[in-house]
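Heads up, the chain below is alone and in the form predicted on its own; it's given as structure tokens.
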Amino acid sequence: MSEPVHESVGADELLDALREYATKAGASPRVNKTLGAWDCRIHILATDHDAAFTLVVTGGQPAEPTPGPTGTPDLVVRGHSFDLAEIFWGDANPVSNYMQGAIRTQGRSEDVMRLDAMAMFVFLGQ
């Protein structure tokens, strides 16, 4: 079985998508209520080019994402730039991408579950 061919998303566009995601997550009442005690440094790495970003979550609130992997991550998320952007834009179900192996994570299972919850709340617009 062959893998689907995706177009790449440039680093600037991927950062814009991540900024939009962080803004939506920060404004989500469900994220605030459910993840209010969560602190996590996340590195997001595109596997099809050198784009890498850092997203810091403090008290369940994501800060403005920054280019480059900075600091020691609690969680690393890897995926094709198109798959990552689709999740950040809210156009793709994050659970489906995880289940298909398009997105891979490395870190504590508690952080992965919290990121999954954040992504699902953003995807569902809650």
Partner chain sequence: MTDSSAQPALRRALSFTGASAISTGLAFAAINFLGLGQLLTHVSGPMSWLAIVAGGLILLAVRSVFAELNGMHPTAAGIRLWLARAMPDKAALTITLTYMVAIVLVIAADAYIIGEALAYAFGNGRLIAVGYVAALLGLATWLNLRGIKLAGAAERIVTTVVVLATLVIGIIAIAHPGHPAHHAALGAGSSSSPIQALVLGIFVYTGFEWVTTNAEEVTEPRIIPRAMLVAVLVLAVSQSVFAVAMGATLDGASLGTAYPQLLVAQQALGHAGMLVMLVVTALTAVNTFNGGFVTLSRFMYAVAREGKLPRPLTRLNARAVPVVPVWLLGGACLVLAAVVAATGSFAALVSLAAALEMGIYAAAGYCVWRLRRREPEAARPYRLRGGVPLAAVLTVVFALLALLASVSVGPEISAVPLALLLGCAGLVAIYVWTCVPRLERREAEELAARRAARAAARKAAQR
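Because the structure is predicted, anything quoted here is derived from the model rather than measured. Numbering follows the first chain given and starts at 1.
What follows is about the form predicted together with its partner chain, which we do not show.
- For the chain shown alone, Glu64 is not a contact residue for its partner chain in the model of the complex, no non-hydrogen atom being within 4.5 angstroms.
- The closest non-hydrogen atom of Pro94 lies within 4.5 Å of its partner chain in the model of the complex.
- In the model of the complex, Ser28 stays away from its partner chain, with no heavy atom inside 4.5 Å.
- Among residues of the shown chain, Ser109 is one whose heavy atoms approach its partner chain to within 4.5 Å in the model of the complex.
- Counting a residue when any of its non-hydrogen atoms is within 4.5 Å of its partner chain in the model of the complex, the hits in 46 to 68 run Ala46, Thr47, Asp48, His49, Asp50, Ala51.
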